[in-house]
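Next up: just one chain, as structure tokens, the form predicted alone.
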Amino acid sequence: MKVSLVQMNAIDNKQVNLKVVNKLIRKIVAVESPRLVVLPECFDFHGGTTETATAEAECFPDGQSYNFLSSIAKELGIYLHAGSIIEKFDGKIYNSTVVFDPLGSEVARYRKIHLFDIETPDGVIYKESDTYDRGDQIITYEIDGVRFGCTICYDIRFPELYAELVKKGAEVIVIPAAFTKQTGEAHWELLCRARAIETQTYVLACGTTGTHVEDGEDRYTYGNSMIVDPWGKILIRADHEVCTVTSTIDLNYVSEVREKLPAINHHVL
């Protein structure tokens, strides 16, 4: 299966972001004809303030971003794993992934479980819980008989979520992200490869890159989107530029790795 990741510099302007996404998706589909295209976390609105982010929230299946993604998936005949969109549901706000099939229909929706409430070593404070509520459902979906698992960014630090996705049959796990530059330089590759190795799945890790403004301050995301195989090998990797990357994943290799080194069958706790 051929898969493509869209790496972009998302900012606090939905119109600009959707214009960029439209261009990048169309370009990669025309050149590579992937079965699945993955977008990063917060691809349509990144930064701003709690108030401006909340104002951009969409009540699915309505909303500009939702309808745009549904229509482009249908027009181009692709599966589209739409990073994350700010979702308003039942009076709450979620950081939500929506997945569309080639008919433009929603086939999965995942609300981010682990919220990024930290202070980085250089003193920058991130508090996602000021904006978002926490999801509580473990979500998978299927493409051509292959089970995909959903996670978002900070989830990558919690291997128990990944173990649960494998129990649900995941052979590929998708990680849209907006990793900070500082934590990305220290941990991004290590975490992507570790999650792939321990779950014996392909990991599709798609990040934002560059500068955005949040609460009046410049913030920097790491980029370096990558596809990692079940043995922990990086098949393809972006740098820090706005770009797309594509690779073909051999789904038989998941079974091969799991047969030769059946670690996922050896859990005793």
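No experiment lies behind these values; they were computed from the predicted model shown. In case it trips you up, residue 1 is the first one in the sequence shown, and so on.
A second form of this protein, the form predicted together with a further copy of the same chain, is not displayed here; the remarks below concern that form.
The stretch among 99-107, 81-89, 142-150, 114-122 whose residues place heavy atoms within 4.5 Å of a further copy of the same chain in the predicted complex is 114-122. No residue of the trio 23, 210 and 222 has any heavy atom within 4.5 Å of a further copy of the same chain in the predicted complex. Taking the partner from elsewhere, residue 198 is found to have a heavy atom lying within 4.5 Å of a further copy of the same chain in the predicted complex. Not displayed here, a further copy of the same chain is kept clear of residue 131 by more than 4.5 Å at the level of heavy atoms in the predicted complex.
Contact annotation for residue 94: none of its heavy atoms lies within 4.5 Å of a further copy of the same chain in the predicted complex. The closest non-hydrogen atom of residue 74 lies beyond 4.5 Å of a further copy of the same chain in the predicted complex. Taking a further copy of the same chain as it sits in the predicted complex, the stretch 184-206 comes within 4.5 angstroms of it through a non-hydrogen atom at 186, 187, 190, 191, 193, 194, 195, 197, 198.
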